[in-house]
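Provided below as structure tokens are two forms of one protein chain, presented individually as structure 1 and structure 2.
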Structure 1
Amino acid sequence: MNAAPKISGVVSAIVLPLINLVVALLLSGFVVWLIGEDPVAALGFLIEGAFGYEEAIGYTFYYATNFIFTGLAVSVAFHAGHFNIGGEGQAMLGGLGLTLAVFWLGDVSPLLAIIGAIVGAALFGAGWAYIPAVLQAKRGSHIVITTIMFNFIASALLAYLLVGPLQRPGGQMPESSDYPDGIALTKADELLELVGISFEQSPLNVSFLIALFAAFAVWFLLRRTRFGYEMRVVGQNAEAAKYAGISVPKVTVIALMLSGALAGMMGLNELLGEQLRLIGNFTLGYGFVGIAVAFMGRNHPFGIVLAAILFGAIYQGGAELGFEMSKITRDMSVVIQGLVILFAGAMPHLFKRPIDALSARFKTRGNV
């Protein structure tokens, strides 16, 4: 008797997302076929490109790091009942805060600069979420709209700074000067070499571990602290929370700032891990994909890490696919992401009924 709900829990957490993923990939294959390439070969390139060799794995986990941060960001806000679509802008501002900290503390001490960068990224990301958060909490302004507007504003602000005050002296590109020498997060291959494992060079760096720690911290916050509990109560029923004596505006603002801080930390991976300078629009839509990652991961930190690795693989494999097939560009990975979001994120129960019927049939057979 007790086994029944457990099986359906497994079904809903693993089997259904997998089926949705397969359907999204089938449809992506249809698009590939439509533009005149071989879908089976494309899938081969995608998987080979994502997991086929050490460098590919490094890239997959490198992109996954971005998605862990943005996925956690969306999830934290969602637990408090809000949609933070401003991950893009918060990540951009986080990157700005990180860069300012690095230039400010770079001459003092590398370690201090890196700590400053982490704090700066989180602080600026949280700050950029603060205004939409306050407007939502105090004025009831639609957070979805305001955060989207803040994305556009952040993008323009960064564009201004990178062709103005922050531009590399004498440079033509919208980018800052390089960070001072030695101020970077350690790469995975360097780290693994310390313990005697050789790994091909890739952009994968320590921020992956920071992201995993952030995932654990989010889990701890939500499940083991009083504030996390308050957040979830507010998210599930703001009215009830109010009567229980929880300050809904306060919880909303803090939750959204935490969300912004997580999004802001994405820059650790992109900028302090790989680019080593601030570049315009380095966020490349990772903030939006965070929505999909959060939903596919069922808003659970562990699920988010898994979903982030999946999206990292799609991103990296999609890029390789663009190199291998002449008619396919990098945009194809955006198509796959969109379809995965549609099926796994928006229609999680699409195949619930047939699966339930199937498992029910198996069960009755088992009883006979």
Structure 2
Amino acid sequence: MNAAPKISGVVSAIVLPLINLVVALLLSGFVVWLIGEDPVAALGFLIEGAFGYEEAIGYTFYYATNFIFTGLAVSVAFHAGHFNIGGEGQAMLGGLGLTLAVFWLGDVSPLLAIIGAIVGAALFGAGWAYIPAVLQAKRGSHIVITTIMFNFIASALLAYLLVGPLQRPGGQMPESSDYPDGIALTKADELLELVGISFEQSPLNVSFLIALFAAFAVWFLLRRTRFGYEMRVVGQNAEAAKYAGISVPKVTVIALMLSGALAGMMGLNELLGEQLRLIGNFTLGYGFVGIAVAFMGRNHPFGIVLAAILFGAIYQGGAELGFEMSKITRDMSVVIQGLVILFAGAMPHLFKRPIDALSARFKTRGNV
């Protein structure tokens, strides 16, 4: 008896996530209806608030930039067989490295300071992932536990620095001094103006292009390099990797440091692109949402970019939705996010079996 044919890669990568998204939106609509609002109108406001005008599009892609970095960070570690939940802490330390580079090189050259900030964000993020990586590779300490604990340590360290050595002179808030004038990533509207395209002002900046380049670099690493192949082998079967002569500890450490570097670069968007100073808790949970983004994107860089844009749209559209409907608060967008995470992240294969059966039926008919 032949086994039932499996669904194709395209169906698994595109159709299943779309079905999960539709179910999540339908349930969100049901919640909206329960509180006395029109779910169809709410969906319209959500889409309008995310893509209906230029400023909204800018904000949507601004939020998506953070999710691309954190989603890629989770994905790189996952391909090596590890679950990095330390994106929050690694992003915090990346922001610290970015800030120190800006203050150190700011008086030398704005361009050099920006380049140094990018390198500093990646190095500090990778460095913060190094200790959990070594503990995992050499001592067998579970990466989930260590990265969670390092999130708390990073938060405490950043809080100490921002009310002490790095606090703005005479300030009362946990934030650093402003970055020197001229040290900032170019905004999207300014960049488009250079080629004669008018676009409304928004926080969207060049870090979005850096994030896209990072996504391409991750794809190239995983699919076109020897080390990427070794990562995938280790992630699928560490014992087989050892038998093939691959150093599992080495791959583990490097993969987790790459993961930390990507998470650390999230600060480029928030700090060097918008805030122009180091502030406490600038990560705002983006590191945790990156887990759902990676899983919804099936850990493929292209899928992660699409999932990041979706979550960026929910963030921006949910904020606008609260202005248009009095009974819907900002928390409603959190409910929508939660349902999307539940169906697309926690239960990505909920509808896989019926689609498998449907695929088998169609193939059987085709062979008759």
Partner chain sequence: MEFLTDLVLLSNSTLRVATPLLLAALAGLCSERAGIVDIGLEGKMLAAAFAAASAAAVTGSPWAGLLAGIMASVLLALIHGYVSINQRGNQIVSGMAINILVAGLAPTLANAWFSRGGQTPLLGNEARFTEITLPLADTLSSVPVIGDVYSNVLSGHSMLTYVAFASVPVVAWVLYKTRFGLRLRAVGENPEAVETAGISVVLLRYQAMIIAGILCGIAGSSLSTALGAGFIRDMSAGKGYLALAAMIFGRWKPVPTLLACLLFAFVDALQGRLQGVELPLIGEIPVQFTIMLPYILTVVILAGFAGKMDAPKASGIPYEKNR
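Whichever C-alpha set is largest while still superposing within 1.5 Å between the two forms counts as the rigid core. Residue positions are counted from 1 along structure 1's sequence. Bear in mind the structure is a predicted one, so any value in this text is a computation, not a measurement.
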The form predicted alone is shown as structure 2
Looking at the two forms, between the two structures, where is the hinge between the rigid parts? Pick from 215, 206, 58, 118.
58
Quick one: report the rotation angle of the small rigid part relative to the large one between the two structures, in degrees.
12
Residue 35: how large is its C-alpha shift between the two structures, with the rigid core as the superposition reference, in Å?
4.7
Cα shift of residue 322 between the two structures after core superposition, in Å?
3.2
